[in-house]
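A lone chain, given as C-alpha cells: the form predicted alone.
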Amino acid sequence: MVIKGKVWRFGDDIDTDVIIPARYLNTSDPKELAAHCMEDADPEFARRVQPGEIIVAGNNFGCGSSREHAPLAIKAAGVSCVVAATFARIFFRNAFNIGLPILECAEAAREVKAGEELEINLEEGKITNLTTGRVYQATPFPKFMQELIAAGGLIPYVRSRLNRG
C-alpha cells in the first residue's frame, strides 16, 4: 500500500487530550470526533485537513490516556498515516486496531516540514519526501499487521477471516 499526501507537523508529547479533547468524549461518532481533531494544538486543523494528508510528529505521540477516540478522530479527519519519532504504546495498538497506519522514523520526524509532500510505502517502510527527494527508512510491519491495516482494523480483519472459514 502506497500513501501520498501533504504533511501536517506537530511536536513532541502530543497527548490524547490534544488529539481529541476530553470535552468531546461524550460521543463515539467518527464525524463528530473528526470535527474536533487536534483543535487544541491547531484550531484550523479539522477544517483544513484534506483526505489523504499525513501527520508527522516528534517523540511520544499519543501519550496520555488510553482512549481509542484519539486514533479514530485522526482517521475520521481523513489523515492517511501518522509518522512519528516514537508512539505511546497504547496509542500504537489502538491505531492498528482501527486501521490507522503509523510508522516510527526518528529521522523523518526530525527533518520533514509542514506542507511538504510524502509518499509512504507501508509494505517496505519507505518514506520518500517528494518535496526534497530525501528517502527515509522505517521498520516495515509484519504481513499480518499490514493485512489488519488493509482490512480497516481489527474487527473487519477478524470478520473477514471468520467469513473465509
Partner chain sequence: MRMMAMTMTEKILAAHAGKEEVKPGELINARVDLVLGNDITAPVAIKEFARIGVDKVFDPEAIALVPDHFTPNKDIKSAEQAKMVREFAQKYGIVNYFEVGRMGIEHCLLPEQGLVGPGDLVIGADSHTCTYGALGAFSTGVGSTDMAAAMALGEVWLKVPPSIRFHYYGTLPPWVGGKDLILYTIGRIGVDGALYSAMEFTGEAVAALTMDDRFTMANMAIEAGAKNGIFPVDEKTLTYIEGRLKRSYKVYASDPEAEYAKEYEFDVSQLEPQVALPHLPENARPVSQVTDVRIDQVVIGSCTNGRMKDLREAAQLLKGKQVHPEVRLIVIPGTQEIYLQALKEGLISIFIEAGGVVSTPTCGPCLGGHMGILARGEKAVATTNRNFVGRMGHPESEVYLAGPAVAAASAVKGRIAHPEEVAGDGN
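Residue numbers count along the first chain shown, from 1. Here the structure is a predicted model, which means the values were calculated and not measured. So that the term is clear: the rigid core is the largest set of C-alpha atoms that superpose within 1.5 Å between two forms.
Separately, the form predicted in complex with the partner chain exists; it is not shown, and the next lines address it.
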Completion exercise
Assert contact residue (the partner chain, in the model of the complex, non-hydrogen atom within 4.5 Å, options 32, 107, 124, 119) equals 32
Exercise for the section: Using heavy atoms only and a 4.5 Å cut-off, determine which of 49, 56, 98, 38 is in contact with the partner chain in the model of the complex. Expected result: 98
Problem - Contact flag, residue 13 vs the partner chain in the model of the complex, heavy atom cut 4.5 Å - result: yes
Exercise for the section: Determine whether any heavy atom of residue 28 comes within 4.5 Å of a heavy atom of the partner chain in the model of the complex, and answer yes or no. Expected result: yes
Exercise for the section: State yes or no: in the model of the complex, is some non-hydrogen atom of residue 82 no more than 4.5 angstroms from a non-hydrogen atom of the partner chain? Expected result: no
Exercise for the section: Considering only heavy atoms, tell me if residue 1 and the partner chain come within 4.5 Å of each other in the model of the complex. Expected result: no
Exercise for the section: Scan 65-96 and note down the residues that get a heavy atom within 4.5 Å of the partner chain in the model of the complex; none is a fine answer too. Expected result: 65, 66, 67, 68, 69, 72, 86, 87, 88, 89, 90, 92, 93, 94
Practice task
Would you tell me if residue 147 moves between this form and the one not shown by 2 Å or more at its C-alpha, with the rigid core held superposed?
Solution key: yes
